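Next up: just one chain, as structure tokens, the form predicted on its own.
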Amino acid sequence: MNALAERIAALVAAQGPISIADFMTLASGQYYATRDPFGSEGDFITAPEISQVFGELLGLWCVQVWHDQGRPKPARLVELGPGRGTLMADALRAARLAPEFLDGLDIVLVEASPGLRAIQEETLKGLGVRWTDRFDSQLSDRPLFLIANEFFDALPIRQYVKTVHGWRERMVTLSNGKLDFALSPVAVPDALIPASRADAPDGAVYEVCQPALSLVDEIARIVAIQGGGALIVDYGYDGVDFGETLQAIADQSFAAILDDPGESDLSAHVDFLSLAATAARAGAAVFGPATQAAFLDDLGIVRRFEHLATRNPRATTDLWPQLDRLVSPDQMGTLFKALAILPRTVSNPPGF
């Protein structure tokens, strides 16, 4: 056991099994506080690290949505979980094509990790960006243009398993001195399980991410009242037929979830249909989810890559593999989805 595992084991010994959500909160808190996990030298590579085009297109998406709503001012641009700051740097560079969008724009990065914030500050030096630890009501006073790329998959989930005695929550406990999974002896209330799961077979797993639902509710209420638009891009599912997706990644390979907590990235697939339903109940219009391939294709990603290749023919050997990784069905193109949240008064945004 590493030091964090020992602390979690002591916690379990003192108060009993903890939820997977609590375990993820403890492990992910240490993980992101102690390293830069992004890029080829880290544990995983996100779309902004693959190509500058990804961030550029998301920045131009915000500009177009802003323009379609009458160019409201003052406006706010927010990114959740901004990684190294690469996406925001690319987005702001592309947004210079519409300097009136940047004029007076309040640019906010939501980042809790001091280490990652230091990297972001270096990447975005001189661009007028400010930081906050969390998304809250302080960001609700003006039109909100929000980007969240591979943010929601890292939020803590709970898991419920169907048994002959009803749905039981999967917990983290101690077994022979090691952290292990076990089911709660008490069935959870039926109200916690959606009706679509009523006929699930024994052994079926239902995952729910309450922090994601609460955050989307807050974002959607701001957008519905103040205007703007939120764009969520992540890997996940867009149907009701899903099961266990919790995973750990270290050195760009799968790792054991309970081994060495805080040393691997924990994540789960995003339930896009639940996010969409939550945003709609909050009064917003929802578009998607669309596959990342379809979304980026509609934004003109192929034309952008062709333009880059024309300007720098020597770079073509790198450019086309980057494009393939972003849009190919066997890479990120199908697994990753895009979801947009806008006021109900607007028409379809770009990409949908």
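The first residue of the shown sequence is 1; numbering continues from there. Being a predicted model, the structure only gives us computed values, none of them experimental.
Unshown form predicted in complex with a small molecule; subsequent notes refer to it.
When the small molecule is considered in the predicted complex, Gly288 lies well away from it, no heavy atom lying within 4.5 Å.
Within this chain, Phe151 lines the site of the small molecule in the predicted complex, having a heavy atom no more than 4.5 Å away.
None of the heavy atoms of Phe305 is located within 4.5 Å of the small molecule in the predicted complex. Using a 4.5 angstroms threshold between heavy atoms, Leu155 counts as touching the small molecule in the predicted complex.
Of the candidate stretches 182-190, 158-166, 103-111, 216-224, only 103-111 has residues with heavy atoms within 4.5 Å of the small molecule in the predicted complex. The listed set Leu246, Leu116, Leu124, Leu92 contains one residue whose heavy atoms approach the small molecule in the predicted complex to within 4.5 Å, identified as Leu116. The partner is absent here, but in the predicted complex a heavy atom of Asp133, alone among Asp133, Asp141, Asp136, Asp238, sits within 4.5 Å of the small molecule.
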